[in-house]
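Just the one chain here, laid out as structure tokens, in the form predicted on its own.
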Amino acid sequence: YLHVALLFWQQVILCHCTLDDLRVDGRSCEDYRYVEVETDVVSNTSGSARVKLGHTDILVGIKAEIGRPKLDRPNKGCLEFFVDCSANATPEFEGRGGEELGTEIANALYRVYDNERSVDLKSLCITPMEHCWILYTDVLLLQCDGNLFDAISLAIKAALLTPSKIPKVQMMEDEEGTTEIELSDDPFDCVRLNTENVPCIVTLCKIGQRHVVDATLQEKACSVASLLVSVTSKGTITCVRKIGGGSLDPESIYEMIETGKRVGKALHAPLQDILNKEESLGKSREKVGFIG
């Protein structure tokens, strides 16, 4: 009974604070916690990044491998997502808890990224119906302190924005007329992906009569339901998805989408700026960047 009573009063306090646009940690309803971004952290990948959002810690590595296009998309490449929840991140990930969450996150990432609105999939095609680049995206949850989707999206965006290590491909024909793929041996002779439309995800949690971004685990526990909004740097919404068991009225959904659009658009510029500065420093740069 004591535990239930504490949860009740915790929810009452949080609901009261959000009405005044104030949260327990001093942020307003639309403020993010401090974000730390580090790129090129895994050497044997085409791109990698580590993002710390509060105490949430995410590592993403992307490997490009040649495969066969999907039957329904013969002239496009594709993305594959694998999400691993470290048992050390939170006790909830022990057993099958982490596996179920990993599947849920991977399914959401497919909806956000594996489409033409987010990634230029046609540029990943080598020969229609035969060969394409598949971007295998591995996500590792090192520590969980709420707002996983936003942190993961920042890490994916950062990994894709770093200079890609996708070798240039030439189609060679032998004496018998058989076509073969030849990859460039020059490590600097690589293709850079067009990441202009790669979105960032904004998760909005409904608490009482207000909604907040970048909710902590404490705030998440008091949330009725959440809305995921993926937004490009131009403010275009590419995906909207509700998560959680509660319901949202149409007016709340509209307000949350508008907030997500505004906040999401603002996330791109500082991320792009810090990555541009890191790249301009070359090998001499420190592999730690910050946005906030």
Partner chain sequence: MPVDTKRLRGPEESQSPWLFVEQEQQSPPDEREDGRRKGQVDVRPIFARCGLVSQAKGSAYIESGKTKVICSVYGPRETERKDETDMKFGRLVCTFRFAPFSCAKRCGWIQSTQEKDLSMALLGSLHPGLCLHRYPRSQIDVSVLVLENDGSALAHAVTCASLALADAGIEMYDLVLGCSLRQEGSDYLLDPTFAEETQEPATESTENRGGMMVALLPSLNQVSGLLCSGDLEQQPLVEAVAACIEGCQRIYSVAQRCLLTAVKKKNPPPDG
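Please read these numbers as outputs of a predicted model, since none were measured by experiment. Residue numbers count along the first chain shown, from 1.
In what follows, reference is made to the form predicted together with its partner chain, a form of this protein that is not presented.
Residues 126, 131 and 134 are none of them found to lie within 4.5 Å of its partner chain in the predicted complex, as judged by heavy atom distances. Though the partner is left out of this view, residue 52 does not reach within 4.5 Å of its partner chain in the predicted complex, counting heavy atoms only.
In the predicted complex, its partner chain stays beyond 4.5 Å of every heavy atom belonging to residue 218. Its partner chain is not shown here, but in the predicted complex it comes within 4.5 Å of a heavy atom of residue 246.
Mapping the unseen interface onto this chain, residue 223 falls outside it, with no heavy atom inside 4.5 Å of its partner chain in the predicted complex. Scanning 251 to 267 for heavy atoms within 4.5 Å of its partner chain in the predicted complex gives 253, 254, 257, 258, 261 in sequence order.
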